[in-house]
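First, one chain by itself in structure tokens, the form predicted alone.
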Amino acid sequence: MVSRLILVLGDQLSDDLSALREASKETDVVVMAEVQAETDYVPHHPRKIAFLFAAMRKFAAHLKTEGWSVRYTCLDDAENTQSIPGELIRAAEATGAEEVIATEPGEFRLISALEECPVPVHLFPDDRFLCSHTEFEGWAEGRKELRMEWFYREMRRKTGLMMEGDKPAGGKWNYDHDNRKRAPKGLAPPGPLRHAPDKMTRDVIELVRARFGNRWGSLDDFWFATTREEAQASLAHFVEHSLPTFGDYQDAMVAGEPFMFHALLSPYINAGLLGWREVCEAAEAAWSKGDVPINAAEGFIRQIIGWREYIRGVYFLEGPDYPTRNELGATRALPDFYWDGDTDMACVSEVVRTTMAEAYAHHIQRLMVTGNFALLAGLDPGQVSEWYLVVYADAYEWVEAPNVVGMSQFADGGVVASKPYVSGGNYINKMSDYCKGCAYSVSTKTGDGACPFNLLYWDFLNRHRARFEGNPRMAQMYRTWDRMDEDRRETVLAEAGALLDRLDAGQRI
């Protein structure tokens, strides 16, 4: 008689999982399953599905070598119920187990499904994160604004990372000002470490191609790490080859260079193959040895123990309705060019096509290109949020929703961001070379060839003036708008309106 079932989900591929620590190798059985309920709640990029299924199969094999009994269900198993609760019920019937223990999932959707499972499920906290729900709630209590910077400083103090006693290394908490350089000509980023698929991974790729080959996104040239050892090699590669330059150019965008100096470790961290501490300590050690400048190490660590932990805290603090919020009342449908890249806007086309190929785009591409256009054009944040959840290999609702609904679309009314992250074409031109190959002119504000970002920027500010003109960080923008000649303001709004009408009609933009 099996005592209990131990559920391990596809983003919980960690030996130090709370459910595994509570379990017994002698009496319990680990349950893992590839199910359509998880591949289909949104039509995930096939590259993400292949990555997770391959990593899951290899983690299950690893657990067996460690002495665990593992009941693993492949997607094409004829008896697969195609849902996590269904597989738990089937496993309980087969083994006689009357209880499931699991680590808390990262999405309210799955938490609810497990709570409704006929087999009792006991959830343990996911303590692979630095900040617990209780700790974040305590930090947030009584604050008028939940600003990441203040949370980040608490996490630095808690961990001691890059600290000199009670003070931050170098005398500053944040070196973001040094991390905004435009990439010079001839820059040659090394890119992430690529891993050749072994037979198990190739088998998974063929399964995914057969089942999901008609979905948006490419499976060609699959190179993701699918084991902890490969993920650790990817971390070492990043620290040695990319981290020294990561800080300077982390906001830069270059056509044909989708990765720049970014780590591409987020899929591995979010799936459990790497932990936050080892990743941050590797960056800190490289800085301590003098191999990495302080702005690069601090900027990278801030993304992990600052932004990542903060975003998760917001998701669970705000509750299950958070992903559906729409404080700006945006209702415009997501244009087709978010799926095919068929637009004359070179920046948007570049990012969409890269995302289609790699299931990846870096944070500035997500925030200031596709996200910026969506916010300026008034696209429905629910549709925008779902798009991000579909297309990126590192996307899970706990991390995706606050980044999109909050940071990118301001649909939470300012919980995450102190102001909307909107810009005209000048910002994109400053941080990229996209505008050089664009059909539009970034320097043209109105008339033929005017950059859509320029027109929509002022239109956005005008239609949301009542909400934002009192925001101290936006006052200068409104003063600039007010100083324009009335005729020019009318022209801008008329041309922006015509552009949005074309967008609504499905015409090429």
Ligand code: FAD
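These numbers come from a predicted model, not from an experiment. Start at 1 with the first residue shown and count on from there.
The same protein also has a form predicted together with the ligand, omitted here; what follows describes it.
Enquirer: When the contact criterion is heavy atoms within 4.5 Å, does Asp394 count as touching the ligand in the model of the complex?
Expert: Asp394 belongs to the contact set for the ligand.
Enquirer: Would you check, heavy atoms only and a 4.5 Å threshold, whether Arg156 touches the ligand in the model of the complex?
Expert: Residue-level check for Arg156: no, no contact with the ligand.
Enquirer: Would you check, heavy atoms only and a 4.5 Å threshold, whether Glu87 touches the ligand in the model of the complex?
Expert: Answer no; every heavy atom of Glu87 is more than 4.5 Å from the ligand in the model of the complex.
Enquirer: Flag Leu367 as yes or no: does it have a non-hydrogen atom within 4.5 angstroms of any non-hydrogen atom of the ligand in the model of the complex?
Expert: Yes, contact at 4.5 Å.
Enquirer: Just to confirm, with a 4.5 Å cut-off on non-hydrogen atoms, which of Cys117, Ile311, Leu146, Leu187 contacts the ligand in the model of the complex?
Expert: Spelling it out, the residue with a heavy atom inside the cut-off is Ile311.
Enquirer: Considering non-hydrogen atoms and a 4.5 Å limit, which listed residue (Phe246, Tyr338, Tyr322, Phe410) is close to the ligand in the model of the complex?
Expert: Exactly one listed residue reaches within 4.5 Å, namely Phe246.
Enquirer: If we take heavy atoms and a 4.5 Å cut-off, which stretch out of 265-273, 138-146, 285-293, 173-181 is in contact with the ligand in the model of the complex?
Expert: Going through the listed ranges, the match is 265-273.
Enquirer: What residues in 396-419 sit within 4.5 Å of the ligand in the model of the complex, counting heavy atoms only?
Expert: Going through 396-419 in order - heavy atoms within 4.5 Å of the ligand in the model of the complex - the hits are Tyr396, Val399, Glu400, Asn403, Val404, Met407, Ser408.
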